[in-house]
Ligand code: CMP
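Consider the single chain below, provided in structure tokens and representing the form predicted on its own.
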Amino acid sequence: MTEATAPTSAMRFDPEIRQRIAAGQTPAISARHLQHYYGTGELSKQVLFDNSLEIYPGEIIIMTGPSGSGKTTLLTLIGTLRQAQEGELFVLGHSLHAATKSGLRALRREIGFIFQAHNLFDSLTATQNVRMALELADPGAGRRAQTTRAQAMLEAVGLGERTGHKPKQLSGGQKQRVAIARGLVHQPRLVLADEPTAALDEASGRQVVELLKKMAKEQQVTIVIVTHDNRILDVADRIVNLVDGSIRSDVLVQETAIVSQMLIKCDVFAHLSPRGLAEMADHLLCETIPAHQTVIREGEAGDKFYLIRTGRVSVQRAAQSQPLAILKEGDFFGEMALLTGQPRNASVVALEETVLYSLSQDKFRQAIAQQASFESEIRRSLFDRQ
């Protein structure tokens, strides 16, 4: 059995990304064993610990975690604003370790930065502040064309009537939208945003994230957002959670929802809450099984539970000439040996290339223990009503 080649998260089935990997597409961001420290000598403090991450063009990644967990540090390393100290970091196909100063300057022109500090020039209008990004990225372009593009971007973030206003004439949320427009106007290949919607009301925040979503899908712009704003989680393709300087989880949002719906069909997982199902899904490992390969053999000890993501398998017994069952997408197998402790009572063979999610015996038993606790609480609750 071979484990699928995939990004670093345990659960990784995204048809589009799998096609890109198979085609050898270069990730927009590739970090391997990244570590970072502040200070030197006895005052050195490690803030990032052995982080690995791959992000592909067109993905929207939302990075979450407690304050001080290293999110902004990781964002600034990716944006070349700090130099990576240990590990490997590639951005838009460029090794940041091997890049020259001129190479880094050229790379930054392909990145859009949106940070909490607006850093607007008080003496310039909104249009002029936004146009500055174009003047830096493409100094040879005509002033009139740059002005037109700047005003169009301000219109896109809902500031079409404020293009001639200076920062002192704008509210905090309006300043933030000018900063967002400035970060996007030069059509970057990568957008790095730190709390871009924190100062925005719901309608303005939604307008901004929909613009980012459109750029990701139509122009294959890669977008990484550090945020505590739960209102915008729905635009994420993946949610990466950092705690104490380490990536604790890297979850495909849509895939987690699909797999949770599959898991709940099995009695062992039916009691779990949506949060519990999502946590269990995060423990699944993705495996690709070639056609005609045996997944489990009759008589062997059971060590995994399996969920079929795509493809079909045949359930067979040596003493019978006909298959016991043909299982397909959304079906599961392997739970009986884990429940009873007995050897596998049948073999399972892939009829075609099949993608499986597998759950280890320990995690499966954890779900059973939670079920027992859940049922005990139900009984106690019913008894207390009497």
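In this text, residue numbers run from 1 along the sequence as written. Bear in mind the structure is a predicted one, so any value in this text is a computation, not a measurement.
Here the subject shifts to the form predicted in complex with this ligand, a form of this protein not shown in this document.
| request: Name the stretch, out of 321-329, 57-65, 41-49, 351-359, where some heavy atom lies within 4.5 Å of this ligand in the predicted complex. | output: Among the listed stretches, the partner-contacting one is 321-329.
| in the predicted complex, the residue from Ala236, Val315, Leu170, Ala156 that sits within 4.5 Å of this ligand by heavy atoms | Partner contact (heavy atom, 4.5 Å) among the options: Val315.
| task | Flag His36 as yes or no: does it have a non-hydrogen atom within 4.5 angstroms of any non-hydrogen atom of this ligand in the predicted complex? | result | Taking the distances in the predicted complex, the answer for His36 is no, it never comes within 4.5 Å of this ligand.
| in the predicted complex, does Asn345 have a heavy atom within 4.5 Å of this ligand? | Close contact exists here: in the predicted complex, Asn345 approaches this ligand to within 4.5 Å, heavy atoms only.
| query | Heavy atoms within 4.5 Å of this ligand in the predicted complex: does Ile29 have any? | reply | Ile29 lies outside the contact set for this ligand.
| query | Counting only non-hydrogen atoms and a 4.5 angstroms cut-off, does Ala199 reach this ligand in the predicted complex? | reply | Contact with this ligand, no.
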